[in-house]
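Starting off, we have a lone chain in the form predicted on its own, written out as structure tokens.
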Amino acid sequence: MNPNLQRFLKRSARNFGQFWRQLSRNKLAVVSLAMVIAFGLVAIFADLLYEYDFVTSNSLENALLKPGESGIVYYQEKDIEHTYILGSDNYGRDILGRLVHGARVSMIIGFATVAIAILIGGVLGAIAGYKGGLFDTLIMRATDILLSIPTILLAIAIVAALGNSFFNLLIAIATSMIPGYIRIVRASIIQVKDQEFVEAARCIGAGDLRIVLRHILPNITSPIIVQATLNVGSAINWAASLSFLGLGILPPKPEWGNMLSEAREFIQYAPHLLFAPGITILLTVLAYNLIGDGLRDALDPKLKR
């Protein structure tokens, strides 16, 4: 093995061990991480747990069954007996199955929107922080304008203008997050760009792009990682909110927000329709927030004890 690669792997393993020991001190963060991994596995293997056609097909004779009740479902040209673990909705669709497939939608939205926001916001923030001058002024004034608009209102306006679709929902939520990453990256680069190791790289003839990617970026990843973790939970929450308002994923496609919206009419005599997706959203967003807090403590040297 290449000696440089071997040293790199040893150093990476040592750094990860230190990071994990610090993170594991926060028990809530560890439990939340396990919960998020479980949700991720459910999202990945959703089709193995429940077939998509099954959770989107109506079975009106089994409508509003309580948790644990069974019913006869006509599926794939035959009658099968099915137990509704969390009950059924007003169309006789399995609530647990819709939660499982809704997890896939929510996880994709959470990670995709954050990735888009980091890419665009990171590039603009790096230009503003490293170049300064006119670039900084133009980018930051545009950022201030976007930040002056309430986040959820901006997302609603974008979806309302572009129309209901999964792709438009991604654009709306990602656009709402971009200003935050511009400010974080800009502030972090301003703190780092005049330090000695950057000046040394500049003196030996390194270009601006190499300096930013090889020397500055590795030293500003901690706040970006923490913010990204928190924003995944926020993105899931915003997606559910927009779908609840009829501006996101529309039925019969399973999504936690539209499940809540459909359950409003039956809250008095079928509250399980409301509790299942509501508690799922609550636990998911809370888990990401707790992981974000744990990562902040593990990655920030000032907070280490």
Partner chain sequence: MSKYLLRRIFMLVPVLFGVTLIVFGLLYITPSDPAQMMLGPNATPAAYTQMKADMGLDKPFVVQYIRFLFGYQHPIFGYKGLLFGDLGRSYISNRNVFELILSSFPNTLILAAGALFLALVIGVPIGILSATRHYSAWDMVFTVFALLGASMPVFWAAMVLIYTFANNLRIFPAMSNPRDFMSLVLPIVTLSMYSMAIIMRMTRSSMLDVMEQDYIRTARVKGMDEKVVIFKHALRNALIPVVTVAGLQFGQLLGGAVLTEKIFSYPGLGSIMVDAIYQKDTPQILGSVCFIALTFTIINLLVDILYGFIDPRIKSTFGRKKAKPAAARSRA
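Given the structure is predicted, the values throughout are model-derived calculations rather than measurements. Residue numbers count along the first chain shown, from 1.
Quick note: we don't show the form predicted in complex with its partner chain, though the next part is all about it.
By the criterion of a heavy atom within 4.5 Å, S165 is excluded from the residues contacting its partner chain in the predicted bound form. Though the partner is left out of this view, L245 does reach within 4.5 Å of its partner chain in the predicted bound form, counting heavy atoms only.
L9 falls outside the set of residues with a heavy atom inside 4.5 Å of its partner chain in the predicted bound form. Taking non-hydrogen atoms only, F275 approaches its partner chain to within 4.5 angstroms in the predicted bound form. Of the candidate stretches 34 to 42, 257 to 265, 52 to 60, 66 to 74, only 257 to 265 has residues with heavy atoms within 4.5 Å of its partner chain in the predicted bound form.
For the candidate set I190, L209, A115, L138, a heavy atom within 4.5 Å of its partner chain in the predicted bound form is found for exactly one residue, namely I190. A heavy atom within 4.5 Å of its partner chain in the predicted bound form is found for one listed residue only; from I220, A201, I158, I127, this is I158. Residues I145, L146, L147, S148, I149, P150, T151, I152, L153, I156, A157, I158, A160, A161, L162 are the members of 145 to 172 with a non-hydrogen atom no more than 4.5 angstroms from its partner chain in the predicted bound form.
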